[in-house]
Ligand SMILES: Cc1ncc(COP(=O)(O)O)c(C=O)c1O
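In structure tokens, one chain follows: the form predicted alone.
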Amino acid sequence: MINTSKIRKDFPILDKKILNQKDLIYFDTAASAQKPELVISEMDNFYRQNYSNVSRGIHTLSVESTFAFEEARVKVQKFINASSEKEIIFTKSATESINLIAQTFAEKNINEGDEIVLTTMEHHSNLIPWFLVRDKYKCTIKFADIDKNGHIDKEHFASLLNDKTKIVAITHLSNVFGTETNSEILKLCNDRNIPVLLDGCQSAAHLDIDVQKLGCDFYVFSGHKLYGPSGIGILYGKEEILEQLPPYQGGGGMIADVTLDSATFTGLPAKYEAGTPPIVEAFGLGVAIDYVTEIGMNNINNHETELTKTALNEMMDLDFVEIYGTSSDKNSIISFNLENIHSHEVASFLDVEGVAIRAGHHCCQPLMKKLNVNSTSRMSFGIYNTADEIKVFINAIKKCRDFFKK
């Protein structure tokens, strides 16, 4: 169990009043989590007292910054149980992490006629990079089917795998359905020695992640969904694979030697961190990891799972609400629509009630087409949310229905 009352005091933005002095109810954590005071103050103090460029100087500030930067890398390594800190690459976002792998992996491993397997529910950030690879290398993308609850169809998925399959890139936790990818899907790939990239943007903040147990070769997530700052992303990659891939960008920090004719590149992780990295952002992510680790990821998961079940049960009793995915294993995310009311109108109405939700296609337009909708409303939970807030939400969507019926 977690002490939600105590946790809520850690988030200064929750004191904010919305429009007509309504208390803020923040149900948009899947888009970006709010930041605890600890992360805000520690990053502020870093800029004030410790900031300098990293790995460049031998003066005190540079040494202090470098130590803090690399300490954050170790925190990420332990947080996801990677084998080595060399396997942790700092990027500016999870999107950049996926692009890094798509481009470098393709250059080394993909040829005309080869195949990539995705699913029909992928975020655009795990679609477009592979489209670019397909167009450049004249390979084929195959899409695994999903059921109505967002579970990957195991039989169809297995039928897509063959000797031409070079990589599988799939979401770990759907940002529309809130369902987790079954471990059997990864096992099918592992049994065929097919590399797997997991998009962990939604899972890293809600599940206890162990990349070694998961059996993935790459895992990506972003700091801003894990109660840390924006501008920092993580790429985990198995050391033996990253060592074989070419550099992604060129610049300072990723070279061993440069002449007027050529350059040689340094080892991991610097090989993929050209230029000045997101120093304070990485430090802030490390602070955020300390924060959630102290609370306990299993405790967080239990709390958010209970909230999801509570909201789902309440919403299923309302005949004017259509829910997309109603399985019992949903985690922290519920996508829905109100009958004959556009999702944007729902979100605008709820905003007046102080309730912040998401509305739109959630960067999943192919999935929206599959669901035969243009958009959905989406509520998503974080460690600061409560059952009392769900009651306010339920009353608010009833008021919304009544308002638009007039």
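Computed from a prediction, not measured in an experiment: that's the story for all the values here. Residue positions are given as counts along the sequence shown, with the first one as 1.
Keep in mind the form predicted in complex with the ligand is missing from the figure; the text below concerns it.
Of these, 133-141, 223-231, 258-266, 288-296, which stretch puts a heavy atom within 4.5 angstroms of the ligand in the model of the complex? In short, 223-231.
Is there a heavy atom of Lys238 lying 4.5 Å or less from a heavy atom of the ligand in the model of the complex? No, no contact at 4.5 Å.
May I ask you to check whether Gln202 falls inside a 4.5 Å heavy atom distance of the ligand in the model of the complex? Within the cut-off, so yes.
Contact label in the model of the complex: His123 to the ligand, heavy atom within 4.5 Å: Within the cut-off, so yes.
Any chance Asn175 has a heavy atom within 4.5 Å of the ligand in the model of the complex? Yes, contact at 4.5 Å.
Check each of Thr179, Gln77, Thr95, Gln103 and return the one that places a heavy atom within 4.5 angstroms of the ligand in the model of the complex. It is Thr95 that has a heavy atom within 4.5 Å of the partner.
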